[in-house]
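Only one chain comes next, encoded as structure tokens, the form predicted on its own.
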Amino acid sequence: MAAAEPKLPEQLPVTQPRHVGKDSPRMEDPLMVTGKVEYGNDIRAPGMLHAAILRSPHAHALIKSIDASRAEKLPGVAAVLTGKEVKSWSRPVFGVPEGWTGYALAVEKTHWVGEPVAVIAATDRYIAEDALELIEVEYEPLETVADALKAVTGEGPYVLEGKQSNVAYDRKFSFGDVPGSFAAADVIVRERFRWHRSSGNPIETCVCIADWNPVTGMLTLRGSHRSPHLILPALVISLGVSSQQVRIIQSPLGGSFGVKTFARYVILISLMAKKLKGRAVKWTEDRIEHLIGSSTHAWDRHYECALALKQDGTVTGMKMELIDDLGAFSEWLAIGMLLKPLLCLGSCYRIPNVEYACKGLVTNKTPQGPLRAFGLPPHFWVLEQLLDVAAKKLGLERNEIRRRNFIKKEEFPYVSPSGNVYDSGDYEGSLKLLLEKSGYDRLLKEQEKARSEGRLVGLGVVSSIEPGLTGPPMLALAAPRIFSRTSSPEGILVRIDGFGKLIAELGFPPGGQSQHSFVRQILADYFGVELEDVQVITVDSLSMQPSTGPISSSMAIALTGAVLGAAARLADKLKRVAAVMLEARADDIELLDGQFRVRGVPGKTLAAAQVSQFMMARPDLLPEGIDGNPEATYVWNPPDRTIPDERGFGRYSVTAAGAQHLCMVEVDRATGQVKILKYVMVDDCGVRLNPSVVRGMLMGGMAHGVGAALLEEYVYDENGQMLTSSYMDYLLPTIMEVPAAEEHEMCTPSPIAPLGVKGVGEGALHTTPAAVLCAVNDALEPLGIRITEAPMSPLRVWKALQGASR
């Protein structure tokens, strides 16, 4: 690179940034709000067929036989795909740890209710759906295990063939002197918690259109896939194709939240396309399919936890043991959700001695998969509940116990017990701002008055951090052969045409992260042009630069690094050409406010457009080593990450955004319903490239968190049958439940990430469940009851109220 990476917007080659850090209109919005955007289900291909999937009604059953002959004869049906073919044409779906998954279609037996058993392709979706009813499957039901606590003891059957256990992952991490801290403790707080599984439910479901050309051997995939360079290796491994045979063209995503990976179904529809020998086939997931079979259920956890404290409230040690019900397979990267708490075991608090034991169990439920916040919301809820309990036991005000344990702002960069580094923060300052902005003292008086009237009003004040840009080092703990690497590459191509217009090519369509918008803002400032002079386009998987994609709150960090790197390379190229034009040394040329000029010589300037025109018109005059192409690529990788050692000690992430939330609720004594009366957030995600985008992410994450805290739960019976397979049963928050929250900014720029940004894409979902659930328990305190299960649904709260009244 020609110049050091700017660590703040003020270091960009512009007198004053005009766009970075400002509320700039999103370039993604016009198409979306006018309905002109082409989502996956809008795509039509000539001669395209439509797929429908037959799913298992049994949680665990042998498949004695499948007779699809009647379905195959139905007019309009083109093909039927069964497990026998899938087994012969592919390998099991990718998963970590290796060896704990099955094929994309059930082969000899089924493992959960909703597992795909057969696929039909027909000229219309309704014909394919009708044909499903003509397939005759003979099942022999088997004993089912749907309880992780039974599965871990060895009771019940083994879910996967060839395994002698249902424990897919079992690891204890210990940092510091945990036994010593508990032996010397003045007070020990112990508690059990239960977090029930939920998921993401975007408005757009998953869509895949597969077209396998029998002449060229090319497999073209269109639809709502995300992160092509993540899913490509899984396709190559499972389908046995070479990487250049697969072309992934993404449509804009109508929400992702992790659920748009759907590797199992991409493999499945690709295999159907292979059987069709040249006809494209499309599968659009319906709502029931998403609920029962999306393979993105998450966080089905049982916790046993303890805190060791001194009499003054200082936390000296923590033990956390959790069992996570992964469902039928340890599929895709779901195991990472068990490992991510390692990055921030103590959250915002200085807890020197920590033991973290985690088990991942397979049972006869839908497999887990990536979900926004990747496993951290339960962790923060458990820790914040323990602090509230400890404060009460010690007679401390709950904010005071937090202040006494916060990592101080002068301690950054802070090395956590597991070796991860928090880059910057001011947690005490954030809490102070939160309490001021929310009028905390007034809220306490309101609560006191409400309680005197017999009303159940509670307050929750909690903290969390958000590790930004995590990835392979964490997953190396479960699959060292595959993930012992520190890279999470993000690349971009930037070019300037003869009119001085800039074009950026990146690998991701709009999906809510606003990456097209902030790339435009950065380039407009860097080259001193207007926003309208920058075009940003999405290219397919064969054209894009090495990339990881929008995972783990990484986009703002990694893509900013990539665009700054490419911009610097392009500017350096243009400087050398400008030196020829201005008859000066290249070292004397600088770029400022969109002009290339000779330092110290007023008037000797050139616009970028003039330089690019010269570059393309006069290759005979270009300096040695410079071609006639005014473009540059750059691949950014996170700095300073390390592969964990045998203890699990490593540097896993790049940034650590901080958040403090306050929630005030009222619980209805008669119905158990919870109403959020007030919600205030203070978030520190470093420099905000586009503040309105950050606010949008935080509000969306908060809404997601309200659902996780109070409503959303996949309920199974003891036989593994899901009882919440429609939105009549699986409750999503609406505008009636989600409060109009206040959001306030604290900014401690990251000293590591480009432009001082921190990841915030998962944002408020880390913190909101803890804030709401702590507030509900505070409301119930006068009754002497406390709920240790999430979600605190109306039924669960009502039952607790009934117990208190007896």
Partner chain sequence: MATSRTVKVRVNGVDHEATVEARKTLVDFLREDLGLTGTNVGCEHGVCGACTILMNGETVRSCIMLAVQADGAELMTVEGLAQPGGELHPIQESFRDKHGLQCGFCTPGFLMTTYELLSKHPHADEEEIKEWLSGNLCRCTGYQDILESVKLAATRLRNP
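Residue numbers count along the first chain shown, from 1. Owing to the predicted nature of the structure, the values given are computational and were not obtained by experimental measurement.
If you look for the form predicted together with the partner chain, you will not find it shown, but the lines that follow are about it.
This chain is drawn without the partner chain; in the predicted bound form, the residue among 257, 716, 94, 356 with a heavy atom within 4.5 Å of it is 257. In terms of contact with the partner chain in the predicted bound form, the residue from 294, 554, 144, 201 that brings a heavy atom within 4.5 Å is 201. None of 771 to 779, 60 to 68, 747 to 755, 28 to 36 except one has non-hydrogen atoms within 4.5 angstroms of the partner chain in the predicted bound form; the exception is 28 to 36.
Mapping the unseen interface onto this chain, residue 116 falls outside it, with no heavy atom inside 4.5 Å of the partner chain in the predicted bound form. At the 4.5 Å threshold, heavy atoms of residue 741 reach the partner chain in the predicted bound form. Though the partner is left out of this view, residue 444 does not reach within 4.5 Å of the partner chain in the predicted bound form, counting heavy atoms only. For residue 242, no non-hydrogen atom is located within 4.5 Å of the partner chain in the predicted bound form, even though that partner is not displayed.
Within 4.5 Å of the partner chain in the predicted bound form, a heavy atom is found for not a single one of 501, 535 and 572. Contacts between stretch 462 to 494 and the partner chain, counted in the predicted bound form as any heavy atom lying within 4.5 Å, involve no residue at all.
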